[in-house]
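Shown here is one chain on its own, the form predicted on its own, set out as structure tokens.
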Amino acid sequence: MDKSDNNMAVALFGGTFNPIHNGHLRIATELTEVLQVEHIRIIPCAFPPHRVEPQASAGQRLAMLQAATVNQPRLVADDIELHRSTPSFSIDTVALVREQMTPQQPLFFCIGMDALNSINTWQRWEELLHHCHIVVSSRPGVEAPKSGPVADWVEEYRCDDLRLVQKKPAGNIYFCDLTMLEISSTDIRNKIARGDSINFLTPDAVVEYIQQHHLYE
């Protein structure tokens, strides 16, 4: 991929997406608005290092994501992690994306508050800010750590002025409050296993894909 000639910021939103649902899509949409980016790249991981292997394959999860975003030009399904045969470490992804950008372009890596609390278990987690800003979205009932290595890290690099963050390519942690819909992939899988409807929890195209491929039954 050729490096961009402009200073347009890039935003990444990663996860297992097993399956993608309306809560994910709402968060991604609001992130494009809050961060003022043209689009956000939604990245399903192939082999999540901190979770059991998903019931749906990487290809199936990507297909559901593509179906969910086909009419959403600001939401882009990105298969960058699906080309790996090893666990999907975030540091490798942001480093690769940074290589594809100009040095001046801001790169936002978007995670939830729950992920922030355990980020010190991630591979080379302290190097993330060398390549990107970290944007942390709120989670119901989850607070930022108040002590320990992550709390110290946040205190050192947190910036609450988005305008200042947007002027740099990387290096800050920014917190934002987004609309959190009470939907989870786990609940969707459990409903399917019980034979319950998942209509209105995920786009119709995703419901149809799940039914056609008999996923999570």
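Note that residue numbering begins at 1 and tracks the sequence as displayed. Computed from a prediction, not measured in an experiment: that's the story for all the values here.
Keep in mind that the form predicted together with a small molecule is not shown, yet the notes after this line are about it.
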### Query
Taking I111, L181 and S185 as the candidate spot, are all three within 4.5 angstroms of the small molecule in the model of the complex by heavy atoms?
yes
### Message
Whether V37 contacts the small molecule in the model of the complex should be assessed with a 4.5 Å heavy atom distance threshold; does it?
### Response
no
### Task
Answer with yes or no whether I119 is in contact with the small molecule in the model of the complex, where contact means some heavy atom within 4.5 Å.
no
### Message
Please tell me whether any heavy atom belonging to I27 falls inside 4.5 Å of a heavy atom of the small molecule, as the geometry stands in the model of the complex.
### Response
yes
#### Entry: P203 within 4.5 Å of the small molecule in the model of the complex, heavy atoms
no
### Message
Within 4.5 Å, heavy atoms only, which of L129, L107, A115, I80 is in contact with the small molecule in the model of the complex?
### Response
A115
### Task
Go through 145-153, 62-70, 173-181, 160-168 and give me the stretch that gets within 4.5 Å of the small molecule in the model of the complex, heavy atoms only.
173-181
